[in-house]
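A lone chain, given as structure tokens: the form predicted on its own.
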Amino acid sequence: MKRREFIRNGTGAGLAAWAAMLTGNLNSFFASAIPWQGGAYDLVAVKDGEPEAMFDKAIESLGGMGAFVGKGARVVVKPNIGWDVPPERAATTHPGLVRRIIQHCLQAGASQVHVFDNTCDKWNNCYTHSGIEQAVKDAGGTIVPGNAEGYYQEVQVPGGRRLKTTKVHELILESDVFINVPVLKHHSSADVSIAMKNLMGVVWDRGWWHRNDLHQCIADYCTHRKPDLNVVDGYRVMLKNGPRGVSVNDVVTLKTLIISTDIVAADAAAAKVFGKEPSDVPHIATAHEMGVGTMDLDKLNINRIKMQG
């Protein structure tokens, strides 16, 4: 049975087989390590741990959060908080991961860490029921709304082919450090929702993107400002009915995390875990061709970490 049929049928042996396939993809990705040639890592992938512990290992491999966040820095952490569903549904970023990232930023000396999303469902319900609002408060960060056009300022996208201007949340424009924290999941329009797709939550009129070549617009926006760090939450992965999902039956637990400064590489690695070739996802292939980043993982220095216990 093909993956396309798993999505259509969505029950029983189909989903179980697809979940097994994803586990196989993950094992294959971690087994395909190329000998380290020295120097800094381009990408770190971790599996078989809790989100907080996996992030600790990943950021350590990149030199610690101090390599990205200086003393007094103003940081924006942008998870996916788009849907009014609990964390178990995997439509939103794991709250424990968001909490740990904020803690690392503050320990590195950040003066402030703001968190927001331009949600699809009612914003205050999304913030509460995703568990992210409480996680931000527990960590000492500040969660802010993204639900009014007044928060957004128009910017030029001179490198864009389709997207030439867009309105971006003022916190992104004012930040010293921008950390993008998507959840890996199926998306009915974009094939997959990962790091590049997650940036639709920092702009106001994402509907225009949907009406005007979504994949090209996703790639175009990344020519404006790329995040300083991309942390892909693959702890729970939504296999079908994305981006919102229907129930926990759409979800498989993979216990995976991918982190990179290269947003295209992060998406390429996550796509392979999801069972897709990066070249088959139009916005990944287009961003690679435009020079936003690289999807050629075999050319990167990747640290693959398997956690014990």
Partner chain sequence: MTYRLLKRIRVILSIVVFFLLTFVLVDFTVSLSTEAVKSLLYLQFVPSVIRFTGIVTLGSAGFLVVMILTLLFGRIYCAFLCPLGTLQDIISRMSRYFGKRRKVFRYRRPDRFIRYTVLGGVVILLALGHIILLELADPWSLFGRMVSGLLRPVVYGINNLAVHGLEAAGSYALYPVSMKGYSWLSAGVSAGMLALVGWLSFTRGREYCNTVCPVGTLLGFVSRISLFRIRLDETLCNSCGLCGASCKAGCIDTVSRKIDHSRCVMCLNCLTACKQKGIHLVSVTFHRRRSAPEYSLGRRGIIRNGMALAAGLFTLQGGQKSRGGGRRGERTPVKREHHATPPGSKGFEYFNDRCTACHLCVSACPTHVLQPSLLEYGLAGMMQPFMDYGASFCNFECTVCGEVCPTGAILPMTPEEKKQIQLGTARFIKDNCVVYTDGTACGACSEHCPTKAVQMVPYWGGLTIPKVTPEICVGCGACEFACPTTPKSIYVEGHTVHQQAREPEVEQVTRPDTGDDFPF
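What you see is a predicted model; the values in this text were computed from it and never measured. Residue numbers count along the first chain shown, from 1.
Note that the form predicted together with its partner chain isn't included here; everything after this is about it.
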| query | finding |
| --- | --- |
| Output flag, Glu170, Val248 and Gly275 jointly within 4.5 Å of its partner chain in the predicted bound form, heavy atom basis | yes |
| Its partner chain contact at His187 in the predicted bound form, heavy atom, 4.5 Å | yes |
| Any non-hydrogen atom of Asn147 within 4.5 angstroms of its partner chain in the predicted bound form | yes |
| Contact test in the predicted bound form: Ala58 vs its partner chain, heavy atoms, 4.5 Å | no |
| is_contact(Asn125, its partner chain) in the predicted bound form, heavy atom dist at most 4.5 Å | yes |
| Candidate stretches 96-104, 225-233, 82-90, 69-77, one within 4.5 Å of its partner chain in the predicted bound form by heavy atom | 82-90 |
| Option touching its partner chain, based on a heavy atom within 4.5 Å in the predicted bound form, out of Leu254, Met65, Ile263, Val281 | Leu254 |
| Contact set, 225-244 vs its partner chain in the predicted bound form - heavy atom within 4.5 angstroms | Leu239, Lys240, Asn241, Gly242, Pro243, Arg244 |
